[in-house]
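Okay, so here's just one chain, in C-alpha cells, the form predicted on its own.
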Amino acid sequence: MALEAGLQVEYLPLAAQAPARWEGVLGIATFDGGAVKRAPSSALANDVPMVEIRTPVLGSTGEVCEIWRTGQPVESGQRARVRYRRGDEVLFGCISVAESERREADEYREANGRGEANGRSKASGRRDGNGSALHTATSEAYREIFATLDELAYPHLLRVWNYLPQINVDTHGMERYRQFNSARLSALVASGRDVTGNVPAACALGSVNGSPLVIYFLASRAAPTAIENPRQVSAYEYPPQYGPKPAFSRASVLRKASGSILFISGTASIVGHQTMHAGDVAAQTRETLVNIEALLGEANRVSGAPRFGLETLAYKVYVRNSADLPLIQSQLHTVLGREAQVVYLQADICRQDLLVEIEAIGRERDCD
C-alpha cells in the first residue's frame, strides 16, 4: 500500500523482494520466527534494520513481512541497541532487549550488595512490578529510543509496536502488561515527553514465550495529530482499576502536502473503558470494527474532509485463540469484503477477556 510519496508499507514474503528493491527500504518486521535467518544477503548488505516478532502467521498467507520503504535516499545507523534507517522526513527504528540480560544484572547487583539500585528495593519490586526484569528492560529500551530520536532530530513518534511474552501473567505483584505500562510511563516522564494528549499511536501484544521485549517504531520530523475515539475513554485517562496509564493515542494522522497518513492503534471491543461481549469472538470483532469506523469518522472530522474510509486501510489482526480465526474472518469479510488487505497473527491481547485486536494503516482517498 502506497501511503504517500515518501512512505509505503507492504506485506510480502522476503523472498518476493528482488535485490534491486532494497533501495529505499526503511525497515522490516518479520512475524514467522525464522524469516530473519533466511533474509537475503542483499538486504543484510544494505544494513536494512530487520526485527523478528514471534507472533505466528495464521491462515493461508504463509510467511509475511511488513516492509516499510520511502522514495527518498536513506541512511542506516545504530545508537546503543537501537538500529535505524532514515529518510529526510521519517525514521524507522527497532530495539530488542532480552529480559534474561536484565535478570542476570539484577542478580549480580543483589549478590554484591547493590539490590536497591535506582532507589528500588527488591521488596518494592514484589509489590508493584518496578523491580522486574521486564520493567527494567522496557525503561531502558524507551530511554534509548528517545535518546536516539533526540540526537537525530526526529522528535515525534508516529507509531510504536510493542511485543512482550506472557503479557497477561502476574509477576512481582503485577500483571506484566501493567509493568510494561508503568515503565513506559516513567520513561516518557524522564525524557520530558507528553503522557496525555500528544502521544503516539501504539499497540502492545503478547509474543511467544521466551521471546525478548521487541519494539519497533516510526518517527518524524513533523508532529502528527492525535485522534481519540468518541466511543471510548482515552487510554491515558483510564480509571485506577486498570493500573498504570497506557500512554498512547487511539490513532494519529501525519499530514503531508502529498497526502495524509492514518495510523490506527491496536483496537478492540472496548466501549468507554469496559470490555464488551466477553467470550463472544464474533461480537467482539464486530464491536472492534465499529470502533475503527468511529476513529475514521473522527479522523475525517479533524481533517475537515472525508479523507479516510475502510477501503483505504491495510489491517493487521491479532487473534488470541487460533481456533477463532474462521469466525473472525467471516465478520471481516462481511464488513470489509474479501479483497481487503488483512494479515492475521496469533498473539495474546493486553486484557485477558479480549479475544481479538485490530490495527490499521491507511492513506487518504481521492475526495474529488
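What you are looking at is a predicted structure, and each value in this text was computed from that prediction instead of being measured. Counting begins at 1, following the sequence as shown.
From this point on, the text means the form predicted together with 3-(2-carboxyethyl)benzoic acid (3EB), which you will not see here.
- No residue of the trio 22, 51 and 92 has any heavy atom within 4.5 Å of 3-(2-carboxyethyl)benzoic acid (3EB) in the model of the complex.
- None of 191 to 199, 81 to 89, 131 to 139, 265 to 273 except one has non-hydrogen atoms within 4.5 angstroms of 3-(2-carboxyethyl)benzoic acid (3EB) in the model of the complex; the exception is 265 to 273.
- When 3-(2-carboxyethyl)benzoic acid (3EB) is considered in the model of the complex, only one residue from 296, 261, 213, 203 comes within 4.5 Å through any heavy atom, namely 203.
- With the partner removed from view, the residue among 163, 217, 154, 248 that has a non-hydrogen atom within 4.5 Å of 3-(2-carboxyethyl)benzoic acid (3EB) in the model of the complex turns out to be 248.
- Taking the partner from elsewhere, residue 181 is found to have a heavy atom lying within 4.5 Å of 3-(2-carboxyethyl)benzoic acid (3EB) in the model of the complex.
- 3-(2-carboxyethyl)benzoic acid (3EB) is not drawn, but in the model of the complex it has no heavy atom within 4.5 Å of residue 146.
- In the model of the complex, 3-(2-carboxyethyl)benzoic acid (3EB) stays beyond 4.5 Å of every heavy atom belonging to residue 347.
- For residue 360, no non-hydrogen atom is located within 4.5 Å of 3-(2-carboxyethyl)benzoic acid (3EB) in the model of the complex, even though that partner is not displayed.
- Contacts between stretch 272 to 298 and 3-(2-carboxyethyl)benzoic acid (3EB), counted in the model of the complex as any heavy atom lying within 4.5 Å, involve no residue at all.
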